[in-house]
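For reference, the chain that follows is the form predicted on its own, supplied as C-alpha cells.
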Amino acid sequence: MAFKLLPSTDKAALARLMRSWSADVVALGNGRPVPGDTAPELASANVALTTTVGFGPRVFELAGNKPAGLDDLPVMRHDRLRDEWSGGDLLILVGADDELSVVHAVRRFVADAKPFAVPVWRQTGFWNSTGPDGKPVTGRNLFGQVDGTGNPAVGTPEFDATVWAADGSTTVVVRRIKLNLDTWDELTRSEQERAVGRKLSTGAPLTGTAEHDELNLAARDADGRPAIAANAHARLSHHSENDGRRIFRKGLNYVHDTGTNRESGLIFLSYQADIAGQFLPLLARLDAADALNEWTTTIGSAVFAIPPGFHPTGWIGEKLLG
C-alpha cells in the first residue's frame, strides 16, 4: 500500500515514523506484537512475514539526494491510469504465508503512520511459487503463463548488477495491469503461445524444450517466419533486444470484486538499480509493439526508492533522514 505525507510532516517527523516502522518490522517479522498492539494475539511466528519500505519522489524534496530517474513514469500509449492506483510518497509491501498476519501487520503500520501520512491506495495479491513436490517453481499469472523465467538468478553477479545501486539501495516500479481474460480465452492455445513466445505447458521458449532454455531468436518455422514472432512478449523483453538491459520482475495476481463484477490482473513489480536507464526503455519498447497489449491495460503506476536494509540498532532510511 502507498501513503501520502501530511503537509505538516517534515524531515524530522518522517524520521520519527521510520523509527516507529523499523521497530514494527523487527517485532512483526519475529512474531511479536508491536508496542500498543490492540490485538497482540494476531502477531504470529513462523509465517515468513517480510516488510519492504519505499520512498516516493516527494520524500526527496524533504531529504534531498533523489536517486537519478526517480520520477513519475510518463504515461504510455496503452496506459489508462487511475488515480486510485497511482503515485504515493511512501510504500509498504508486506508478504507472508498467512493472510491474517499480513492484514494485522498492515493495520499496525497504518496506525503508526496516522500522525504523519494517510493511505492513498491498497493492493492485495497472491502468488504460488511452490510446486506439487514442495520445491520452488516459477509462478503463473492468470493468463496461465509461467511468469518471470528470464529473471537474473538471485545471488549472482548478474542479479547484483541489475538490482543494487552502489549504496545498497534499489528502486521498484509498481504497475497494476488489468487482464482481459474473456478475450484471451477466445484464442487458441497456439495463438496464446505465439503472443508470449513461450509454451504454456512448461514456460519453455517456442524454440526449446525446458523452461530455462535460452531463446533462439534467429530460428525460423517451416514457413520461414521467425519461430518467436517479432512482436512476441518474450522477444521484445529479452535483454539481447534491449542493449543488455535487465530488470528483476516479481508478480502478484489479483482479483477485485465489486458486487457480481470481477476485475482480474497482475500487480507487476520491477526492481532495478536505475529506472530511467533500465526500466523506461524496456517499457517504451513493449508499449510500442508487444502482442500482449491487446489483452492488457495498465491502470496504476508508481515508483519508489528502496533504502538499504538496517542493522538491529539502526532504522529505515537512517542515512537519508538522520
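Bear in mind that the values here come from a model prediction, so they are computed numbers and not experimental data. Note that residue numbering begins at 1 and tracks the sequence as displayed.
Absent from the display: the form predicted in complex with another copy of the chain. The rest refers to it.
Taken together, Leu6, Pro35 and Lys135 are entirely out of contact with another copy of the chain in the predicted bound form: none brings a heavy atom within 4.5 Å. Segments offered: 223-231, 209-217, 184-192, 154-162. Contacting another copy of the chain in the predicted bound form at heavy atom distances within 4.5 Å is 184-192. Checking Val26, Ala68, Ala288, Val255 for any heavy atom within 4.5 Å of another copy of the chain in the predicted bound form turns up a single hit: Val255.
Site annotation in the predicted bound form: the residue of Asp72, Glu84, Asp167, Glu241 reaching within 4.5 Å of another copy of the chain with a heavy atom is Glu84. Although the partner is absent from this view, Ser264 contacts another copy of the chain in the predicted bound form, with a non-hydrogen atom inside 4.5 angstroms. In the predicted bound form, another copy of the chain sits beyond 4.5 Å of every heavy atom of Arg245. Among heavy atoms of Phe116, none comes within 4.5 Å of another copy of the chain in the predicted bound form. Contact check for Thr260: a non-hydrogen atom falls within 4.5 Å of another copy of the chain in the predicted bound form. Contact residues in stretch 1-28 (any heavy atom within 4.5 Å of another copy of the chain, taken in the predicted bound form) are limited to Met1.
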